[in-house]
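What follows is one chain in C-alpha cells, specifically the form predicted on its own.
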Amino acid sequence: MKSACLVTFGCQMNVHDSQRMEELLRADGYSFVDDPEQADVIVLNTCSVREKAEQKLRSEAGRLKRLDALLIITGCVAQQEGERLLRSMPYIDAILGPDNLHELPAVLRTLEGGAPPQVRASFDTDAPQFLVHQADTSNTPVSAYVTTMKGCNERCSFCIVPYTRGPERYRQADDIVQEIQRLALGGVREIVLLGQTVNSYRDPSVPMAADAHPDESQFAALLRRIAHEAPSIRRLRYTSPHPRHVTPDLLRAHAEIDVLATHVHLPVQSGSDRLLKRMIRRYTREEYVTRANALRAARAGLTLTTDIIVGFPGETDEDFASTLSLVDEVGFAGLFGFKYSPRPYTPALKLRDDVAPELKQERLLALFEKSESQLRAILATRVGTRQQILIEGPSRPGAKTLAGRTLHNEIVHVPESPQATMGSIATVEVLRANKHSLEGRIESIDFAGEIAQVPSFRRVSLPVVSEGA
C-alpha cells in the first residue's frame, strides 16, 4: 500500500484542508505515516500569512528533498508563488493552490506515471468547489470543521489572504446543513464553522433583495437552520468573524440559540483608531467595543478572545498604549499576538516599516504579559463553579486524565472515568486554576458519547493572524 505524510502549517482553514486531503488520499488507497522518511508521498500544506511560515516551508522542503518520495506543496504559499516556487525549488513534484486540492489524487497518479512537475493554482470563481467530509462512521471526530465560504473581500492592508484565497465565494446553506447532518449522524458533537470572514456569509441560492445592503449577511439565519435541522449537535462555534458583521441578527442568535458556545474570537488587530485606519479595518475602536459589549449583553457570561498585531508601520508608543488599554477595557480571555511582517502584494508595503525589530519584540512581550494576567484572573473565577465540558480525549498520550472544553472554550482536565468517553458532555466541579487551564472532577455525565479517534496527520501549527478577519 502506498503511504503518505501530511505536514500542516498555519490556521484552522489549513487544518480543515489537510483533513479533507487525507480523506481523498485514503479513498485512493493511501495509508498515512507520521514520519516523512517512511512516506512515498509528502504533502506540505502551507501558510503565507506570516513571513516565518514561508521560511519554515523552505527549510522543511530543503530538508526533505533528499528523500525518495514525491514532494507536493499545497495551500497559500503554493498559490502565492506558483511557477516561481518550482523554479526556486526544482525538486518539488507538484504545486496545488487551495482551490485545486481536490485534484491531488489525479495529480499523484500522473506523477507516478512519469509526468513532469506541474502547477495547479487557479481560483474557481466561476464554479466554486468545497472540500467536504467523507462519510466514515468508523473515524468520527468529537469536533469537526465545516467550511461555509472561502476567500475574503475585506482587503485589510496587512493581509495577503485575498491574493492567496481569492474573493469571497459561499456554499449553499442546504449543502452546509446536509454535511452537518451527516456528521451528526456519525456521532460528531461539535461543529466549528469556518470562513475567512465567516459572519459575512450569504447563501448564493437565495437572491438578494433589490434594496439589500451589499454587506448584508445571512450568517445568523444559517446558525438557526443548523440548530433546528441538526438537533443532535451539542455545540456550535464559528471562526473567524469580522467586527463589521456583528449584526443585530447575529446578536439575537447568540441570545436565542442555546447550542452556540459562550465564546467568540473577535479579531481587533489594534486599539488605536489611527492604526485601524491604516490597516483598513473599517471600524473604530469605539465601534469594536460597542459590538463586543453587545455580544456580552446578548449572552450572559460570554468570553472574548482576539488577534492583535504589534509593530505595524507607524505604530508609536501612544498607539501601543491604546492597544494595551483596549485589552484592559474589553477584558479579553486570551489573545493571539503577532509582530507585523511585510507580505507581498499587500497595501501595507507602501508604508515604511519603521518599527525596530527589538521594539516589536518588547511590545509583544508586554502584550502577552497583560493577556496572561487577565487569563489567570478569569480562570481563578471558575474555581468552585460547575461547568459543562465536552470531553475530547486524554489530556496527552498515555495520561490518566481527560481533557474537555467548557462553553467558554477553556480547557479542563479531569480524572479518567469509565463513564466519560470521547464525545461525552459532563458537569464538572472546578477545583483548581492553572496558568492556561483548569482542573476538576466529574459530578455527572449529561450526555454519553463513544467517538472513534479521527485518523491522525502530522501538524506543524504556527501562530498566524486569523485570516481575513
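Just so we're clear, the structure is a prediction, and the values are computed from it rather than from any experiment. Numbering starts at 1 and runs along the sequence shown.
Form predicted in complex with a small molecule: not shown, discussed below.
Is residue 195 close to the small molecule in the predicted complex, meaning a heavy atom pair under 4.5 Å apart or at it?
Close contact exists here: in the predicted complex, residue 195 approaches the small molecule to within 4.5 Å, heavy atoms only.
Do residue 50 and the small molecule share at least one heavy atom pair within 4.5 Å in the predicted complex?
Contact check for residue 50: yes, within 4.5 Å of the small molecule in the predicted complex.
Do residue 199 and the small molecule share at least one heavy atom pair within 4.5 Å in the predicted complex?
Residue 199: no, not in contact with the small molecule in the predicted complex.
Indicate whether residue 343 is a 4.5 Å heavy atom neighbour of the small molecule in the predicted complex.
Yes, residue 343 is a contact residue.
Just one of 151 to 159, 174 to 182, 362 to 370, 249 to 257 has heavy atoms within 4.5 Å of the small molecule in the predicted complex; which?
Of the options, only 151 to 159 has residues within 4.5 Å of the partner.
Pick from 141, 267, 271, 98: which has a non-hydrogen atom within 4.5 Å of the small molecule in the predicted complex?
Filtering the options by heavy-atom distance leaves 267.
Under a 4.5 angstroms heavy atom criterion, identify the one residue in 80, 240, 303, 217 near the small molecule in the predicted complex.
Answer to the contact question: 240.
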